[in-house]
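Just one chain is shown here, as structure tokens, and it is the form predicted on its own.
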Amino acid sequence: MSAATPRRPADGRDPVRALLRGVGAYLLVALVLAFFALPMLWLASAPFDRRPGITASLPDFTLANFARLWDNPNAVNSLASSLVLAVGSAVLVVALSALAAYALSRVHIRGRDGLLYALLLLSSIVTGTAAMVPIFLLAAELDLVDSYLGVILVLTGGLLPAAIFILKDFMDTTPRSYEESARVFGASPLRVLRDVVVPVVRPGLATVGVWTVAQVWGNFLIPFLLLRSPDKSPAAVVMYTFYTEGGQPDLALISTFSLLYSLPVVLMFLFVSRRYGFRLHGGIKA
């Protein structure tokens, strides 16, 4: 009698191939995770190593790198400068984009959507690199070179189109019955926006705020172009000055500064995520 041939599953799939396909998928995911995790492991271990290298390894524990960084006045000042630029830009972007998005959402004019998409497209095409010369000349004419205000205004102008585009979707989903009820009791448009619309779109405002801070926090070109005083340079610019006398990168300072540089954005993201999570709705308190 001949041996019976193994039966295939009812759906016709080969179990061996399915197993190999699953193993291959998990292996690919593991390699991708390792690709992104290794730099994070280096960032977490190198600041505490006496002689950090370019590879991730168990550190020879020390806190001397933080003491060296604290003794560098430009490093400490740069974090304060980054905070000023990020907070100032976030306040302007959130406030102006909320006003513009509310107006575009409630006022129906011909070509409204086309104008919004054109602004978004132009802000993506004409980047800071392409507009470097006219931005500098305009800032020089307005006496805004080497001032925080000039950098904040330039960064705000570049981020506003995308912020308006994001917030308009939140404004469109706001029930208009709330606004009509407020108008019946004599509320002005600004009062309606402040007391009715803003509480509903708070997750959108938080999204735009976090996105703005992240964009400004890591921006190098505009501050490098407009700020001339070393004590006003933000962290993204100062990081490029951590080199030894021989021109080699000082990995101890770079890793320590990178860890401190990344913590504010991470903590802000965790706070906003814990506060709002993924709930894209709001509410009006009585």
Partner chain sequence: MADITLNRLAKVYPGGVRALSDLDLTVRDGEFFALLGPSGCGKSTLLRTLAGLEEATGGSVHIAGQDVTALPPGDRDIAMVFQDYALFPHMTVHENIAYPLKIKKVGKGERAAKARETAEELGLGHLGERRPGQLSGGQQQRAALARAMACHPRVFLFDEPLSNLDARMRLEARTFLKKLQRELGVTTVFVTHDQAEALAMADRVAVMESGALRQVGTPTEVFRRPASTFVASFIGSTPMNLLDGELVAGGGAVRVSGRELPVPDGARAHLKEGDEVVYGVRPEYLRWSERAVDAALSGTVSVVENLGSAHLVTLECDGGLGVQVVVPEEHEPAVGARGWAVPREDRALLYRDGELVGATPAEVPA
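The structure presented is a predicted model; accordingly, all values stated were derived computationally and were not measured. Positions refer to the first chain, counted from 1.
One more form of this protein should be noted, the form predicted in complex with the partner chain, which is absent from this view; the next part is about it.
With respect to the partner chain in the predicted bound form, the three residues L43, D49 and D60 uniformly fall beyond 4.5 angstroms at the level of their nearest heavy atom.
Per the 4.5 Å heavy atom criterion, the partner chain in the predicted bound form is contacted by stretch 196 to 204, the sole one of 106 to 114, 148 to 156, 196 to 204, 84 to 92. The contact with the partner chain in the predicted bound form, taken as any heavy atom within 4.5 Å, belongs to A187 out of A75, M171, A187, L119. Residue-level contacts in the predicted bound form: of A139, L160, A182, L79, one residue has a heavy atom within 4.5 Å of the partner chain, and it is A182.
By the criterion of a heavy atom within 4.5 Å, S177 is counted among the residues contacting the partner chain in the predicted bound form.
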